[in-house]
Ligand code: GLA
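Just one chain follows, in the form predicted on its own, and it is written as structure tokens.
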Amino acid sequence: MSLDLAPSLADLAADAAVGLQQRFGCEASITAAAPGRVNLIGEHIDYCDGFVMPFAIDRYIVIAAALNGSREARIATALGGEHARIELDQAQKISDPSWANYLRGVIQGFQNRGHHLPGFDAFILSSVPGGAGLSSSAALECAIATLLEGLLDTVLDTREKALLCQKAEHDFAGVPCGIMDQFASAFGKTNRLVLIDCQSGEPELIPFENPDLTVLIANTMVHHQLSDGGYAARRKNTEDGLATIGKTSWRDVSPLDVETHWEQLGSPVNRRARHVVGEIARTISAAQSLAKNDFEALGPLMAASHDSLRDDFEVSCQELDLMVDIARAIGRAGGVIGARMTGGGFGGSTVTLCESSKAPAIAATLAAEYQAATGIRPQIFASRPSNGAHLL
């Protein structure tokens, strides 16, 4: 199996313009793009005042649009079906089609800021795999927000835009996500990881310039729905744990605090707490290792992160574990530095940090052994940090 290749951003934009012409009979006057993200380390702690270290991948959602002279947005996607019609002179409400609720939430965010949006037609095209734990929803939110900036000839502060998109996901998609996904899609830069302090809400760009290193993203093709309660339940576990320990922030909680309160916390909250404290420490260590260009130190940290997500936070699954186990078996001699699940879990993708020269062979082994065991053909591609949301 060869690595899965995505269309270039220019080709996506051109195809989106064609889609706009075919669906609505108009020429694109503005095009926005926003990337998905993958998280190298720091999972399920962005809503716990932790540190996370994602990067924007070179897979994008692109929206081509044109003004239509009305007070309505008409939006279609490459997936076909009925296009969404959104009235722009009234408050937004959750409605059908459900995928457009992400857009409605962002539009409401602009309306809350006093913006009067002009009517427009738009066509959406994506190279971000949906349901793969790569934040296609955050990419969609950031893409429409960037498009609205262009239509209004205004520019929001990047942090404000990311928080607007996060609120849209909370209020209109019912997913109480932290800030990581939208921050990665908004702040991403070429050859930079985005280290986010989720307590202060400040991002720091961490160099990832070594061309000899590549991140393989393996989509298990087992899809999840984070709005089905699994995500919200884990978040409530962490809130209950912090209240029991009696601290105001997880950043103030030590491993000894968790151990001391172990019985009082009870299962599974005690194990959730152990994951949060351990994952915050692992992410800090990973950032320090990257600053020293010590990539070898990332392997054990990624391994410990996956094991904790599997055993203590219980958001992995058989397919994710299998993909990670295959990468671990290839080992350092085969070019693998580290591997772990990434994203919210319950399916989705893994990340494998590896030597660039051996990436095709590693991908072939991952694909062959995974398919032999599951009967599922995975989608595997390589990515390096890319630019965040922007107008084309």
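For every residue, the number given is its place in the sequence shown, counted from 1. Predicted model, so just to flag it, every value in this text is computed and none were measured.
Separately, the form predicted together with this ligand exists; it is not shown, and the next lines address it.
*Counting only heavy atoms and a 4.5 Å cutoff, which of 66-74, 349-357, 27-35, 44-52 contacts this ligand in the predicted complex?*
So the stretch in question is 44-52.
*asked:* Is M180 part of the interface with this ligand in the predicted complex - any heavy atom within 4.5 Å?
replied: Answer yes; at least one heavy atom of M180 falls within 4.5 Å of this ligand in the predicted complex.
*asked:* Considering non-hydrogen atoms and a 4.5 Å limit, does this ligand approach F172 in the predicted complex?
replied: No, F172 sits far enough from this ligand in the predicted complex that none of its heavy atoms falls within 4.5 Å.
*Check whether G343 has any heavy atom within 4.5 Å of a heavy atom of this ligand in the predicted complex, and answer yes or no.*
Judged by the heavy-atom cut-off of 4.5 Å, G343 is in contact with this ligand in the predicted complex.
*Contact between Y231 and this ligand in the predicted complex at 4.5 Å, heavy atoms?*
Yes, contact at 4.5 Å.
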